[in-house]
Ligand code: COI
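Form predicted alone, single chain, as structure tokens, below.
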């Protein structure tokens, strides 16, 4: 702990003191339990291992200039986890139980919340898995909910700097009306091959097109996509996109600073008319896009020739961070003080 170089942290795992657990059996959730173990005791026939019954969330806690710790949009994460549970037929965790577990995990690991202006934050990972021992394809009757935390640096090693992304048409992240709108592990497993190819070719992420027609922008592997033009914040509407809480927040901020907002299908060729573009999510916050390369056609859509983020991306990023750290009043009610 004493040796952590806060400003040099990557987006990885560091052991902290405690995690919080809660078990579901006989039709009800039990009391919260605290553990110092990093291990789970799972039956070899647990449904999470065989049939993918697992959902997770990602949120962050920030230490402000005033020394206070603030958790960003905890309730929205609780509600999204409930949506994921409904999507793959798992027992829904009550919002209050989710929030209580998150608060407890942050409080018990308070010494791992990075200092203000270190560029790091405390990442919070709630995880819900099916644990029943069964080999038939059915929903589990028992579940385990866990919250662990770890201090992290920026998701993209470049931080708030522009990066190139690539379009690879031969890969899909999720199918329309499939599980793309839920935060579950299978969607991320489906993105690993394309993501690795993209990294080998020098891209920070894959920009996926819609799986049905390959005509419209869907989302990036680890984040939602947005574009800026004509004083308008534009983000894709699709039945296979994860509803990003960061994107939801940026939409409200965009409206607050006088931008119009459009959530709609974005044809691929519209990339040529965008003034700025970016990826957004809890881990990355905003990662401005330098250019999008269409690997198959050889076309390249450039948004930043000097490598600097656009003015609106910068403004949205600064405003969101100011709220997260308590430097600006939270008029939206997004933060929870620990």
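None of the values given here were measured: they were computed from a predicted structure. Numbering follows the first chain given and starts at 1.
Separately, the form predicted in complex with 2-OXO-4-methylpentanoic acid exists; it is not shown, and the next lines address it.
Peer 1: With the partner left out of view, is residue 56 within 4.5 angstroms of 2-OXO-4-methylpentanoic acid in the predicted bound form by any non-hydrogen atom?
Peer 2: Yes, residue 56 is a contact residue.
Peer 1: Just to confirm, residue 155 within 4.5 Å of 2-OXO-4-methylpentanoic acid in the predicted bound form by heavy atoms?
Peer 2: Yes, residue 155 sits close enough to 2-OXO-4-methylpentanoic acid in the predicted bound form that at least one of its heavy atoms falls within 4.5 Å.
Peer 1: Although 2-OXO-4-methylpentanoic acid is absent from this view, report whether residue 195 comes within 4.5 Å of it in the predicted bound form, heavy atoms only.
Peer 2: So residue 195 does not count as contacting 2-OXO-4-methylpentanoic acid.
Peer 1: Would you please decide whether residue 145 lies within 4.5 angstroms of 2-OXO-4-methylpentanoic acid in the predicted bound form, comparing each non-hydrogen atom pair?
Peer 2: No, no contact at 4.5 Å.
Peer 1: Just one of 227, 222, 166, 236 has a heavy atom within 4.5 angstroms of 2-OXO-4-methylpentanoic acid in the predicted bound form, so which one?
Peer 2: Going through each option in turn, the one that passes is 222.
Peer 1: Which residue, 97, 125, 141, 161, has a heavy atom that falls within 4.5 Å of 2-OXO-4-methylpentanoic acid in the predicted bound form?
Peer 2: Flagged contact: 125.
Peer 1: Look at the candidate spot formed by 62, 150 and 321 and say whether 2-OXO-4-methylpentanoic acid comes within 4.5 Å of a heavy atom in all three of them in the predicted bound form.
Peer 2: Negative, none of the three is within 4.5 Å.
Peer 1: Choose from 291 to 299, 29 to 37, 277 to 285, 45 to 53 the stretch whose residues reach within 4.5 Å of 2-OXO-4-methylpentanoic acid in the predicted bound form, heavy atoms counted.
Peer 2: Stretch with heavy atoms near the partner: 277 to 285.
Peer 1: Just to make sure I understand: among 166 to 193, which residues lie within 4.5 Å of 2-OXO-4-methylpentanoic acid in the predicted bound form, judging by heavy atoms?
Peer 2: If the 4.5 Å heavy-atom criterion is applied to 2-OXO-4-methylpentanoic acid in the predicted bound form, 166 to 193 yields 183, 188.
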